[in-house]
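To begin, one chain is listed below as structure tokens, in the form predicted alone.
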């Protein structure tokens, strides 16, 4: 049996959002080495600031500066920092109630070890050398034994205020396609396309899933399909994707390979995008060293009759 494959994968996308007046003031303040919170009608100061009172749901706009010093209310030690975290050496995640605030701010504490951290310890903001208006303008917190720093009395009015941010969401994980798809990928490296037949309904699924999606029973019988197939449905792509060296517009299609009962995805090439159609007969085009077809091109055969692929739409 071929080796079951696995590979590290990362899913990442930038999320762009606008800021309201409260978050704009908070992040702009960090850029200027000022920490701002909001004061509720009940007299509590919330840091980080929010736009609505979590107790009464009333809108809050009363900005107030707090000190960059504070007290650790709780903490947890991080033995193995991950990519993108505030420090690249072991550190403590801490909730810090800054002097003048009634709530705690989550950030990193630079400490030599877990024995050096305790609830109630005094800490101070360590500012980043270069600041742009983001929570990372606080590089981390550091232990501090001096007197509480005093706020500067800033009103929260800034020139060139931050109006929006781009936050990058990223997930790193190890993916294993399992036995059935590993065998499918190994076959592709030999320029063959292999599916599996359900022992109950006798349908052939490509790519194989290890079980029939209709009957729910395990599949194991290999069936080689293609190399030709039929376009069942398609779409025209007009947006240029990052890091994809394909000129737009191009066509991405569902292709039912001969002998398969499930259409797979593939790009259509070798024909103008506006000439692609349902029923078009195509074949795989492989590039040197590739483990999967680069695209599919017309075979020159007559178009398939609709009745031959309508069940695969």
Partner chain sequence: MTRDIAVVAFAQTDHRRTTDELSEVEMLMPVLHEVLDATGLKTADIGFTCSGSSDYLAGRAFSFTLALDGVGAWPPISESHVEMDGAWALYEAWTKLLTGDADTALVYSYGKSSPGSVRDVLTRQLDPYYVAPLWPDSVALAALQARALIDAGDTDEPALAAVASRSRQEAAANSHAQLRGSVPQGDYLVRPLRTGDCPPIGDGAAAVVLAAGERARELCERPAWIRGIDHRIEAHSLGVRDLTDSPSARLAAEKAGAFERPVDTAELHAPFTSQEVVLRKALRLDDSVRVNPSGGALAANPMMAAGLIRIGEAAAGIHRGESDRALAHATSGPCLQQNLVAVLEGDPR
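Keep in mind the model is a prediction, meaning the values are calculated, not measured. Residue numbers count along the first chain shown, from 1.
The protein also exists as the form predicted in complex with its partner chain; that form is not presented, and the subsequent description refers to it.
A.B. asks: Which of these stretches, 210 to 218, 153 to 161, 239 to 247, 223 to 231, has heavy atoms within 4.5 Å of its partner chain in the predicted bound form?
C.D. replies: Result of the contact check: 210 to 218.
A.B. asks: Using a 4.5 angstroms cut-off on non-hydrogen atoms, would residue 74 count as touching its partner chain in the predicted bound form?
C.D. replies: Contact with its partner chain, yes.
A.B. asks: Whether residue 174 contacts its partner chain in the predicted bound form should be assessed with a 4.5 Å heavy atom distance threshold; does it?
C.D. replies: Heavy-atom contact with its partner chain at 4.5 Å: present for residue 174.
A.B. asks: Can you check whether residue 119 is within 4.5 Å of its partner chain in the predicted bound form, heavy atom basis?
C.D. replies: It does: once its partner chain is placed as it appears in the predicted bound form, residue 119 has a heavy atom within 4.5 Å of it.
A.B. asks: For residue 107, is any heavy atom within 4.5 Å of its partner chain in the predicted bound form, or not?
C.D. replies: Residue 107: yes, in contact with its partner chain in the predicted bound form.
A.B. asks: 189, 256 and 272: each with a heavy atom within 4.5 Å of its partner chain in the predicted bound form?
C.D. replies: Verified in the predicted bound form; spot residues all out of contact, no.
A.B. asks: Just one of 194, 111, 180, 125 has a heavy atom within 4.5 Å of its partner chain in the predicted bound form. Which one?
C.D. replies: Here the answer is residue option 180.
A.B. asks: Exactly one of 89, 132, 200, 85 has a non-hydrogen atom within 4.5 Å of its partner chain in the predicted bound form; which residue is it?
C.D. replies: None of the others qualify; the residue that does is 85.
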